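There is one chain below, alone, in structure tokens, taken in the form predicted alone.
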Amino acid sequence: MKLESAKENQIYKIFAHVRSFFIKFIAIILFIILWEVLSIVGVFDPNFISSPTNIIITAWQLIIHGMIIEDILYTLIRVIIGISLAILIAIPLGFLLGGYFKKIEESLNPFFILLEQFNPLTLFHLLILVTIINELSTVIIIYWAAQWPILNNTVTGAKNVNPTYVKVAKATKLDKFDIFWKVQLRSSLSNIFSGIRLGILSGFLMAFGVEMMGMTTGKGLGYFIMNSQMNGEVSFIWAGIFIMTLLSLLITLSINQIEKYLCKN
């Protein structure tokens, strides 16, 4: 009886997980099913819009035959370096502007608001003239786009730290570093990670834009998509878009797992 009860509980847990998954992703599932059905009945012209199954099959074939691996690596490396730079620079700067140094905040805030308005793509050609290295210019553009959501969310998180927590920490005679590390930084983690997720999206958009401009070394998913468009390979275009979206999603999910780990410990 106990064995049967344990099996029933296990089956119930599996069913609960499956039901939870479908409830969470029902809109996406229905969207993909509708897209597939409309493609099958001929509502969508395959010369312009590929079906979801065709996109997945094409993407898989491109990967297993090594036709897109190098482009994926180029885009991924560019984005990771650019976002990493944004995290390393924007988070400390966000705490400086978050109220811990009032005079610095008052002096730099208007300047950074002005800088934020510059469109990164308009700066690309200027950066090439300055750096003379296309890859470095691409990384800087990605960094530039990714840093602002991270910076702004860090500033918001730093300003919204509950002052009571800081007072309690001071009362327990923690030094300034411990107060920052254990109280101020931990209290701001939710905002910081929200900024990082937005930064990832901005970083991929900039990588896509710069690569499509053809101003990189001729490698990258954006360049692959542009080249496929010029050759009239519609399925390749959709496969490239799918792979870039999947990369962005995987990095974002990884960031979510890091956030959960840090918030638990």
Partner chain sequence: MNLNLSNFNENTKIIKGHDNISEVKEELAVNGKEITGPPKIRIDNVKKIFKTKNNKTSKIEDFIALNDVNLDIYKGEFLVVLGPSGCGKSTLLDILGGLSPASEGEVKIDDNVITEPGLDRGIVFQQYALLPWRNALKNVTFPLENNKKDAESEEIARKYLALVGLSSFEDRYPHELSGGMKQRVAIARALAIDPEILLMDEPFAAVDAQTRAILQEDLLKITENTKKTVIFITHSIDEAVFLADRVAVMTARPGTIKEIVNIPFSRHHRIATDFKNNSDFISLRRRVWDLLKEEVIKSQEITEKRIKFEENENIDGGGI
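Numbering follows the first chain given and starts at 1. For clarity, every value in this text was computed on a predicted model and none was experimentally measured.
One more form of this protein exists, namely the form predicted in complex with the partner chain; it is left out here, but the text below deals with it.
Engineer: Within 4.5 Å of the partner chain in the model of the complex, heavy atoms considered, which of 89, 168, 73, 121?
Structural biologist: Contact with the partner chain in the model of the complex is made by 168 alone.
Engineer: Of the options 178, 116, 105, 135, which one has a non-hydrogen atom that comes within 4.5 Å of the partner chain in the model of the complex?
Structural biologist: Selected option: 178.
Engineer: So if I measure heavy atom distances to the partner chain in the model of the complex, which of the stretches 77-85, 158-166, 139-147, 190-198 falls within 4.5 Å?
Structural biologist: Only one stretch passes the 4.5 Å heavy-atom test: 158-166.
Engineer: Can residue 174 be called a contact residue for the partner chain in the model of the complex at 4.5 Å between heavy atoms?
Structural biologist: Within the cut-off, so yes.
Engineer: Give a yes/no on whether residue 183 approaches the partner chain to within 4.5 Å in the model of the complex, heavy atoms considered.
Structural biologist: Flag for residue 183 set to yes.
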